[in-house]
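Heads up, the chain below is alone and in the form predicted on its own; it's given as structure tokens.
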């Protein structure tokens, strides 16, 4: 409690009571830019904006750097897309060919491929634009051809089968992504990775086919309950099985113990 008369100015602070100026806190150290960080940032932008919204400028903004800083690690947007596609194969290895389990091995390959493409938005579009003939991906192509040839497929079929299966995977996932974006737009929301309500859309399609004039569209009406039935997983497996049975038809004869369904 002060005894100074009212209105008396306060004395200056004593030199012995001077408080030290607070030490300025150092700014957190910025992580050095690297190719890995650029690719991770590109995936973030891709999932948020889609392939049409992916640009070097947006990747740079995500990292808080200038666009020119990116070019020390990637040469172009196409180079970046190739790095993103290659990254999906990290940790993936094909098994040693087993002639008795070749169809099971190809099913596993196809399921893994679909999971890779579904892990990020629009990856099917990126996949379709990039051939896997890089140093990192050629071993996967070699391993897939080994499974075909070990199964006994003729060489001219083995040479085409890998592209056939890969195109099926790309096309199926591309369609899934288009339905996802369409469902999101219809809901008035931004497109996202959330899966659409397939059952609701399938019900609408079934009702439409069933309402067609029977005299003009007897087959659409007859198959209306089957054409859009099942989940995406079921539809993918059915299409894959059609391909595998077609490949099996080129074998000289079915080997004992083959895992044919």
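Under this definition, the rigid core comprises the largest set of C-alpha atoms superposing within 1.5 Å between the forms. Positions refer to the first chain, counted from 1. None of the values given here were measured: they were computed from a predicted structure.
Another form exists, predicted together with a further copy of the same chain; not displayed. Remarks below refer to it.
Listed residues 175, 96, 104, 79 were compared with a further copy of the same chain in the predicted bound form; 175 is the one with a heavy atom within 4.5 Å. The contact with a further copy of the same chain in the predicted bound form, taken as any heavy atom within 4.5 Å, belongs to 227 out of 227, 69, 61, 210. The chain is drawn here without a further copy of the same chain; in the predicted bound form, the stretch among 69-77, 88-96, 133-141, 113-121 whose residues come within 4.5 Å of it by any heavy atom is 133-141.
For residue 155, a non-hydrogen atom is located within 4.5 Å of a further copy of the same chain in the predicted bound form, even though that partner is not displayed. Interface residue remark: residue 53 is not counted as part of the site for a further copy of the same chain in the predicted bound form, having no heavy atom within 4.5 Å. Taking the partner from elsewhere, residue 44 is found to have every heavy atom lying beyond 4.5 Å of a further copy of the same chain in the predicted bound form. Taking the partner from the other structure, a further copy of the same chain in the predicted bound form has no heavy atom within 4.5 Å of any heavy atom of residue 108. For the partner-free chain shown, nothing in 93-110 comes within 4.5 angstroms of a further copy of the same chain in the predicted bound form, judged by any non-hydrogen atom.
The Cα shift for residue 69 between the shown form and the other one, taken after rigid core superposition, is smaller than 2 angstroms. Taking 2 Å as the criterion, residue 221 counts as shifted between the shown form and the other one: its C-alpha moves by at least this amount when the rigid core is aligned. Once the cores line up, the CA of residue 235 ends up less than 2 angstroms apart between the shown form and the other one.
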